[in-house]
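In structure tokens, one chain follows: the form predicted on its own.
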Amino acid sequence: MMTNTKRTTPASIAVFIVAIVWALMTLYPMLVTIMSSLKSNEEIFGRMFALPRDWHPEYYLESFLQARMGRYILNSLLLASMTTLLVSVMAAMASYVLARSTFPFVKPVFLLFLVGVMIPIHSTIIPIAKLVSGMKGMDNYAFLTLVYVTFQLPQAIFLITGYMKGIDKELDEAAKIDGCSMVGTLFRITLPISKPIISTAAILSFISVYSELIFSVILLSSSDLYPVSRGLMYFTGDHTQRMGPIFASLVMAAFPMVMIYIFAHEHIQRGMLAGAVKG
């Protein structure tokens, strides 16, 4: 009876060592951040990479209550969720038209979206601020969400359109023969097949909006509406910085993203691999 045994080759050992080193390089900054969230300023600046001598878990309570990080995290989750929902729905429908239609205007429209991917976001701050102010949209989540959707939509359409172009058109023809309309084909055939790349585009959009700062600074002035990126500025003064509470706030702000990645990393990986094959 023969048994299958895996040989340990120099190449596999090298890959294993590189993976271990990469994991340590990735995890070490996170561990330093967590340790720094329990230290005083003196220990952070004097013993950054050592374990705390005096532990300060009260920094987390201070960040949650005094700096209102809990509210800011919920605000960011709300903004990111609304933006992701709109981007996913709009990008999926627009990508289907761009990938499947034969109208002459389809290619110029797709190129227009590609231009949107290449435009630097921060070069539009002044005109967007004037536009929103003129429409009395300051301190309004609806206007801020529209701004986020505008900048996230080109990337999502670029990803999803490339994936849908790789789906066999014979599926559409078979659905049409069975009496399925264009809308029915989209929801019954194309969207289920495109779930991996739609999930990837949605997660990328969510992460981008959750950590966005510039537009929240420009378009929001009420502290009750601040997202988490704006709330992290609470412990920074004109002459001093309380680093312990700042690190505690960073840990709290990163926690939702870590949990989302833990539960959604398989969708991200499938979407990236599927996009590489289909695109």
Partner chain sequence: MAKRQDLVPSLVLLLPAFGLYCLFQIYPITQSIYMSFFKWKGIANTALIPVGFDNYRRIAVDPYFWHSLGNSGWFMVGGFLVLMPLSYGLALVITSRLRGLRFFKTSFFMPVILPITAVGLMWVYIFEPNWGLVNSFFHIVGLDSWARNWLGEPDISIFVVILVNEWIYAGFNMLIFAAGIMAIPEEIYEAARIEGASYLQCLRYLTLPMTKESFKIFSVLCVTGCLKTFDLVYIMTRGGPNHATEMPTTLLYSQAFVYRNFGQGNAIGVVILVLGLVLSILLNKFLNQET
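The model shown is predicted, which means the values in this text are computed figures rather than measured ones. Positions refer to the first chain, counted from 1.
The same protein also exists as the form predicted together with the partner chain; that form is not shown, yet it is the one meant from here on.
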Is it the case that T200, even though its partner is missing from this view, gets within 4.5 Å of the partner chain in the model of the complex, heavy atoms only? yes
I'd like to know whether R188 contacts the partner chain in the model of the complex, with contact meaning heavy atoms within 4.5 angstroms. no
Contact of P120 with the partner chain in the model of the complex (heavy atom, 4.5 Å): yes
Please determine whether P57 contacts the partner chain in the model of the complex, using a 4.5 Å cut-off between heavy atoms. no
Which residues in 90-120 have a heavy atom within 4.5 Å of the partner chain in the model of the complex? M90, M93, A94, Y96, V97, L98, S101, T102, F103, F105, V109, L112, F113, L114, V115, G116, V117, M118, I119, P120
